[in-house]
Every structure is written in structure tokens, then in C-alpha cells.
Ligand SMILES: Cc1ncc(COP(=O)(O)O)c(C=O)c1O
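To begin, one chain is listed below as C-alpha cells, in the form predicted on its own.
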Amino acid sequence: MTAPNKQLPAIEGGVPVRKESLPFYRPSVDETDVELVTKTLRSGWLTLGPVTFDLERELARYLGAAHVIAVNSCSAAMFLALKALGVGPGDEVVTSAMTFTSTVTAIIHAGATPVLADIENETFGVAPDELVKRTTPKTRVFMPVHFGGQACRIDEVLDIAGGRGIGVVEDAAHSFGASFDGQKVGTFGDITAFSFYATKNLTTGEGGCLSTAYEELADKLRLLSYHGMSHGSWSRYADRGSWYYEVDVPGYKCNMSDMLSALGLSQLRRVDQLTAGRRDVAQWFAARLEDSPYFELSRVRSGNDHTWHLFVVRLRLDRLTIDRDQFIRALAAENIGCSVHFIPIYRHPYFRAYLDDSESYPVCEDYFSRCVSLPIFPSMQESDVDDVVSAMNRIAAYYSVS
């Protein structure tokens, strides 16, 4: 029996680069996280309470934000932000065509109409000239997306919005800890929404938060996030607390719980360490791939402090005989996990009703056809990166045009 050819891609019968699978992401939870969550479980107070308030204060301190409101998801955060700004039927909100569905469904749930804008090639955020192009008298808010861990061209977005009296709600689901020109994301627009989902740089498992510089908006966000009640459950049920509350608006149930906040508080204390781990992985990838004829690396805009939630490469398809989907299947055969961020919004069946058939998104289309998100998480080792790059090079060489 002939031994498998180690130079062949595994999908063609070769030996996989790895015996054990390397996942796209592995959470970084340590004993300190477990201890603080356990302490909260034993405290007798599990829902919105003192640990959540501690988390909010520490998040505000870290971001340099005046106000932070912890909520149960970034999806809820974006929705609440739009409601707090009074967005509703008859309004339009312009956002990126390259984003996760929740950015756009938040707009729809608020009763407004989503308007999609193409991205630019440096940060993969919304292109400023596209914002100008898509703005109409109905435009109430811009919702730019800070993609992958670096700030979009937020300075230009704010200039365009400010001159037209348009609000800015930032989707910073990927970019907790990122900054532009030394200023943290979360302190630029009217309101910023963050995600603490399992794969994020700081996680609570599920959850998120809102930040704002404006006390009036913060008060509205708190009211809307917890049933529209004038007093939260902690103030009502704590020792010597008051049972009395008033419902001022028909609010929602979007609050963070103390159990999740305990994990977030523990993670926040070492978030810079976790982010440094991601930066190491990104540097290892860049050093090995920067001269490749087959892969185009993402660029970091001058002034941006990138937190590397994602590490995206784009295939040079003109030099390969396979497409992006085939490349991903070949990587999977090598026991390498990866993903795609994202399927453009206009490609999803539901959202087509909101689109003008005459509109085109050429930068999004080019990006989507070629993008691959490689594994990146703080505990990845340099040897793991070597395996990923070996698999990529093996596949690319086998399927090379030349």
C-alpha cells in the first residue's frame, strides 16, 4: 500500500497538517473568572445588582466614557440606542453593507428603514463618500461598523454627520479596547454599542454595553433597558430598599445579570493581556504571510490601535484555480477551523425588500468573494500559526495557476 503524499492537500488524499483540530476560536476563561462567578452565585443575588453596577463603573473608567449601561447583547444595545435617539417610522439609518444581521435588524425593529452603504478597503468600514451618497432628507442616524477590531474612518463619519445634524450610533461589537489617535472607541459618537459575546476580546458569554457622553441619553437608555421602570430591581429589593417604582415609558427587558457581569468584571481586569495575546498571533501571521503571492493581508489605518478580534486574509483568486469556498473546505480537511465575516446584508433574502435593485456594492462584493477569517485567540501558540500557514501554503501551491 502506497503511503499518502505529505505534499498533497488532505482534501486530495494527503496527510492533514494537524492531527487534532484547531478551532476558529477558543474562549480564554481562567480560575479567577470561575472564582468570581462562583462567588456571585453564592451571594444570593443573581440578576441586575451590585456586580453589574461595578462592571459599568469599571467599563466607563476603561473606555474614558461618562456613562456605560450594561445590557444582555449588542443587538439589544443597538436597538436601545436608536430608540433613545427617537428613531422610528419614516426615518432612515445608513449603515454598512458588510456587517452581521443584528446591525440591520436593530434598525428595522426600531421602525426605521435601513440604507446600506459600501465599504472601503483599508478598515473594511463604511466608505465616507458612500455615506454622503446615501444620505437623504429622511436620514436620521449613521450607524458605522468598527470591523474586526479597528476603528472605521470615524473622524470622517463624524464630520459628515455633524454638518447635517445626523446622529451617530457606533456598532463596536468587534472593537472593545480599540482606539483612534489615542481616543478609545466608545467616546466618539452619540452612543456606542459593544458586544461581550463568547468570541469577543472581553466576554460575558452573552452580553454587551452602551457608552455615551450624554447624561440625558444615559438616563433614557437605563429606563428603556429595564421595563421603563424608575427604580431597578436592586434598589427595590436590597436591604432598606424601596418596593416602590413607577413605569415612565413602555420599556424592554435588556438588562445584564450579575452572574454574567461577574465574568465580565474578571475579564476586564486582564483584557489588555488578552488583547496582547491576539496581537501576538496577528504579528506571527503577518510575518509569515506578508510576502505571499496568494494572500492579501488586511491593512491597519494610521492612528488605529487594532485589537484583532478578527484576522482576515483575502485570496488572490487570479492566482488560484479554486474559489474561496473550496479553499475553506480544503483548510477544514487539514483540521484548521476558519470562518467568513460576513455575508453581505444585501445577499440575505429577507433584506432584499429594503434594497433598490439599481444599487451596487463593488467593494463588498470583491471582499466577500475572497475573504477568509483565520483562527485567532489569546491562547494560540506560534506553532499553531505555523500549522495554519503550512496548510494555507500547501493548498495554494497545489491549486496555483502557474
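Keep in mind it's a predicted model, so treat the numbers as computed, not measured. Numbers for residues come from their place in the sequence shown, where the first is 1.
Keep in mind the form predicted together with this ligand is missing from the figure; the text below concerns it.
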query: A84, V145, A117, A106 - the one with a heavy atom within 4.5 Å of this ligand in the model of the complex; finding: V145
query: Listed residue that, although this ligand is not shown, lies within 4.5 Å of it in the model of the complex (heavy atoms), from K220, R278, H306, K200; finding: K200
query: 4.5 Å heavy atom contact, M78 and this ligand in the model of the complex; finding: yes
query: Distance check, S195 to this ligand in the model of the complex, heavy atom within 4.5 Å; finding: yes
query: S73, heavy atom within 4.5 angstroms of this ligand in the model of the complex; finding: yes
query: Partner contact for W284 in the model of the complex: this ligand, 4.5 angstroms, heavy atom; finding: no
query: Options 222-230, 184-192, 171-179, 287-295; stretch whose heavy atom lies within 4.5 Å of this ligand in the model of the complex; finding: 171-179
query: Non-hydrogen atom within 4.5 angstroms of this ligand in the model of the complex for each of T47, G264 and Q267; finding: no
query: Residues in 290-321 with any heavy atom within 4.5 Å of this ligand in the model of the complex; finding: none
